[in-house]
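Taking the form predicted alone, here's one chain by itself in structure tokens.
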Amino acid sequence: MEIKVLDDVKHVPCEVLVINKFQGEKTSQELANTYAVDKDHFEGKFGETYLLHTFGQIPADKILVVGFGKKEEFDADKMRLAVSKAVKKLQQIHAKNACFDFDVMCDYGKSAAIGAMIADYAFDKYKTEKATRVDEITFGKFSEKEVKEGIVFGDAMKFARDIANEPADFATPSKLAEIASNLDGITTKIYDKEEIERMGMGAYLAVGKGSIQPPKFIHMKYTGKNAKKKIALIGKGICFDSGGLDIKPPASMLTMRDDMSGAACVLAVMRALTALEPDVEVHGIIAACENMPSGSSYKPGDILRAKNGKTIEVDNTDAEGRLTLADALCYACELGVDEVIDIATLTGACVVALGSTVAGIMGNDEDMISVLIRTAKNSGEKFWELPLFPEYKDSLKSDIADMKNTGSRQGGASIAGVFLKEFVDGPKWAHIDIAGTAFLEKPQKEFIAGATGAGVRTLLNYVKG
């Protein structure tokens, strides 16, 4: 989809002119007022649509009226959802181009562009019959700067969704390393198995032992021109999670290609930074591997030694993500950064607690967590803080090591967070659990089923801010 911006689109010839209607108000087009409002009593409740032919009375062939709901309740979040609704309607009627002429008081260009690109997404790479798409849309009244930034965000989300939707035989640890190495404006270092061993990452290496795919530790770096702050972003990079020797049930394994959604998010964020040019130093870190069962797999009861010297008794090989993150956190803390944020499809417990619309967040600095929650809200995502009470650590106690890698099923998301905290030394730290929001089994709001690019918008806005 090509997205353009013009000051005035009322007189631009197009297939469909998309306009809005607030409840209790008229539209900007008399033709729509006559037929949609006066004749058919179209109220304009949020998300409702009304399509009419113009029969040559204006340059557009059709008018699509989108309900914006109550004017006092309208915001950037609803703009994104409304544009997404409009684009999906355009796809249904097989329109190839459209002009959007919204009568609103604020410049919602960024949200509008993101909404259009989310709605236009389809992962049809492996399908013979491709999805119906809109070729071109033109926004009127919005600033070009806002729309261009929205395009950067939307493209980053598409990039992350494509990677997370790819089957595991394509999106291997080596492929993630290749993608990272080819990012423009980013300095990338890839560590192989021997180098990882020399760095003492025993927890991470253990997880990848059962796979024929070699592990790849990825360190990307972006440096802003006047960088005063240093941030490390860590993405969980389990390219396929079978559960290891504690193997998952078949139904639970079907979508485990998405277990590297955190890594996909970090790759997408790093790729977008060169376009946004924030004055920050950002390190993108991924401990990529597969968790597979074989004769060489790590086993329940094994004792692993992490990079910081702490020992871990393997209670369950399907709690592998926190082991890879443990060593990645140790590595990040040694970089002298001010903040570390890890993002991961970590626990089923978080899905049970918060569902598929809210990600869990926890960490060691309340101010940082509050800013991230607020940034998520302003980005169209939802984060909810979960506690890291010391009592949760009791269930991780081991008789033969410093800790176990799993504890009680009760409070499982927080227990995983408490485990990760053991490997954070120095920087402010936040852990974001996107297990419920990263991959949808069925369509939800503006998203189709599949990968959502969870966290991309929030982290980009956070780094940019």
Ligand code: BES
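The first residue of the shown sequence is 1; numbering continues from there. For clarity, every value in this text was computed on a predicted model and none was experimentally measured.
One more form of this protein, predicted in complex with this ligand, exists but is not displayed; see below.
Interface residue remark: M362 is not counted as part of the site for this ligand in the predicted complex, having no heavy atom within 4.5 Å. Although the partner is absent from this view, S414 stays clear of this ligand in the predicted complex, with no non-hydrogen atom inside 4.5 angstroms. Shown alone here, S297 lies farther than 4.5 Å from this ligand in the predicted complex, counting heavy atoms only. Taking the partner from elsewhere, K248 is found to have a heavy atom lying within 4.5 Å of this ligand in the predicted complex. None of V83, L346, L323, M157 but one reaches within 4.5 angstroms of this ligand in the predicted complex through a heavy atom, and that residue is L346.
Of the candidates A180, I231, A319, M368, A319 is the one whose heavy atoms come within 4.5 Å of this ligand in the predicted complex; the others do not.
Between 149-157, 69-77, 310-318, 387-395, the stretch whose residues reach within 4.5 angstroms of this ligand in the predicted complex through a non-hydrogen atom is 310-318.
Along 380-406, a non-hydrogen atom within 4.5 Å of this ligand in the predicted complex is carried only by T406.
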